[in-house]
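As a starting point, one isolated chain is supplied in structure tokens, in the form predicted on its own.
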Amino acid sequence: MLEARQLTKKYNDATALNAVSFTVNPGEIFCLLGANGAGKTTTINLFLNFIQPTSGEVLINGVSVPANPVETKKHLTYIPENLTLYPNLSGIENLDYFAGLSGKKYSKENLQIFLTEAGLQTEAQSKRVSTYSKGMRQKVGIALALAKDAKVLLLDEPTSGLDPKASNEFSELLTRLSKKGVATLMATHDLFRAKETGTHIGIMKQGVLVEQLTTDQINHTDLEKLYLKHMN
């Protein structure tokens, strides 16, 4: 569903991304690890067509993102570190609005089903989003992925700032989506969650993908050692 082929992004003389290649198949959760400035967010922004590659290819479902930005966006939901919702609208109203932008129209009952499946408590669904915690807002994002029937989930530090319980709940939601065949690309600093939730891990350093491995190839301790080796 997601493919980067020798993906490179330069800003004048600075190289933000250097010949990065990887694939994310349906049902896989690919976690990008790396320090700030390693190129994780740049990679996600290229898949979103927020920026254009200097060279190489970025594809969603076999379709070039720069050449077909509208077509490729139909397949995905994006959840950034701080998901922007309308604070004066309820969770249901936000979901209704953003699903509508994707050409989807649902009854209130169906919207409630999506929010409940995403783990948002029933009593919170009709409350203004301004009263929500970050974890609750992220659940609205997951509900949108369900409502859109998204095949791709792009996540940029989605668990940053979440308490352990909320972070664990979010990870469980990702696992459930993966079982539905959703392909997920997640930029994160959280080595524990990457190992627990991910199926694949990529370690980035200074715009280069220096390691690619499956999570069943490595334990927590060795992953931390490998990560720190590259960060030195």
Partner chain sequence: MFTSSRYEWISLLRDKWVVALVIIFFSITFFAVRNGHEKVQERTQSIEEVKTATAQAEKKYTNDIDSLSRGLKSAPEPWLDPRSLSVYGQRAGRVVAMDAEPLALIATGQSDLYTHTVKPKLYGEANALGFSELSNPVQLMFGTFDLAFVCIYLLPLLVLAFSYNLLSADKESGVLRLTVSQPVSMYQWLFNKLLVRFVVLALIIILSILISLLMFGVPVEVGVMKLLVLVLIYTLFWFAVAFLINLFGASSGNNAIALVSVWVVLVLLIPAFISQSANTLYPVPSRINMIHQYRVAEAESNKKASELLDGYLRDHPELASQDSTQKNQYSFWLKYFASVEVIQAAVKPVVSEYDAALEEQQHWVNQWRVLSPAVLMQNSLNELAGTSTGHYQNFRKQVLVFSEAWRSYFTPRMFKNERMQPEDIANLPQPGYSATQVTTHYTTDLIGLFVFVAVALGGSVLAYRRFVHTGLVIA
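Numbering follows the first chain given and starts at 1. The structure displayed is predicted, hence computed values, not measured ones.
The form predicted together with its partner chain exists for this protein as well; it is not shown, and the discussion that follows is about that form.
Within this chain, F114 is remote from the site of its partner chain in the predicted complex, having no heavy atom within 4.5 Å. Contact check for E93: a non-hydrogen atom falls within 4.5 Å of its partner chain in the predicted complex. Contact check for S102: a heavy atom falls within 4.5 Å of its partner chain in the predicted complex. Remark: L155 does not count among the residues lining its partner chain in the predicted complex, judged by a heavy atom distance of 4.5 Å or less.
Exactly one listed residue, out of T199, T188, N61, N45, brings a non-hydrogen atom to within 4.5 Å of its partner chain in the predicted complex: N45. Look at 166-174, 24-32, 190-198, 47-55: in the predicted complex, residues with non-hydrogen atoms within 4.5 angstroms of its partner chain sit in 47-55. For the partner-free chain shown, V70, K73, K74, L76, Y78, P80, L83, T84, L85, Y86, N88, L89, S90, E93, D96, Y97, F98 of 67-98 come within 4.5 angstroms of its partner chain in the predicted complex, judged by any non-hydrogen atom.
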